[in-house]
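Just one chain is shown here, as structure tokens, and it is the form predicted on its own.
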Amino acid sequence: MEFDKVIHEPVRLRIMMILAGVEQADFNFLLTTLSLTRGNLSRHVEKLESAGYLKVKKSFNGKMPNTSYQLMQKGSKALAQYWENLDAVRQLGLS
């Protein structure tokens, strides 16, 4: 069994876990929740987006730009598979 290298990176796993629990989250929420720099968060989000795991939505709140993220079905499935693989490894350790 092999772990998804895109999700296995700790920051990206945390992003996926947050998005799995909400309908969507904006950039500033993720930035403060994860205590990352803007550049660091942007880079991790780009990796997840290029894998098709999340959708980026750009809009405006008045004149202020707003970027939000939503977990896609492919991302939900990949995260579920990641947990299944992790559980399988845990079971091997318990045997």
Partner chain sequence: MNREQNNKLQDMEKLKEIPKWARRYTENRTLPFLFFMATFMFLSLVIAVPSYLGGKAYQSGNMVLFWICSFIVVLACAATIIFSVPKWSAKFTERLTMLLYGKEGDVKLALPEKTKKQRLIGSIVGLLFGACVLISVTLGVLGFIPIEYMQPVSALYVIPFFVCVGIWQRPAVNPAGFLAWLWPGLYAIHAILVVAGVPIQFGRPWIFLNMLIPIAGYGILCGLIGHFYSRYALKKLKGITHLEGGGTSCL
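Quantities reported herein were computed from a predicted structural model and do not represent experimental measurements. Numbering follows the first chain given and starts at 1.
Another form, the form predicted together with the partner chain, is not on view; read the next lines as being about it.
At the 4.5 Å threshold, heavy atoms of residue 49 stay clear of the partner chain in the predicted bound form, well away from it. Within this chain, residue 74 is remote from the site of the partner chain in the predicted bound form, having no heavy atom within 4.5 Å. Although the partner is absent here, residue 42 lies well away from the partner chain in the predicted bound form, with no heavy atom inside 4.5 Å.
Not displayed here, the partner chain is approached by residue 24 to within 4.5 Å at the level of heavy atoms in the predicted bound form. Contacts between 68-89 and the partner chain, taken as any heavy atom within 4.5 Å in the predicted bound form, involve 82, 83, 86, 87, 89.
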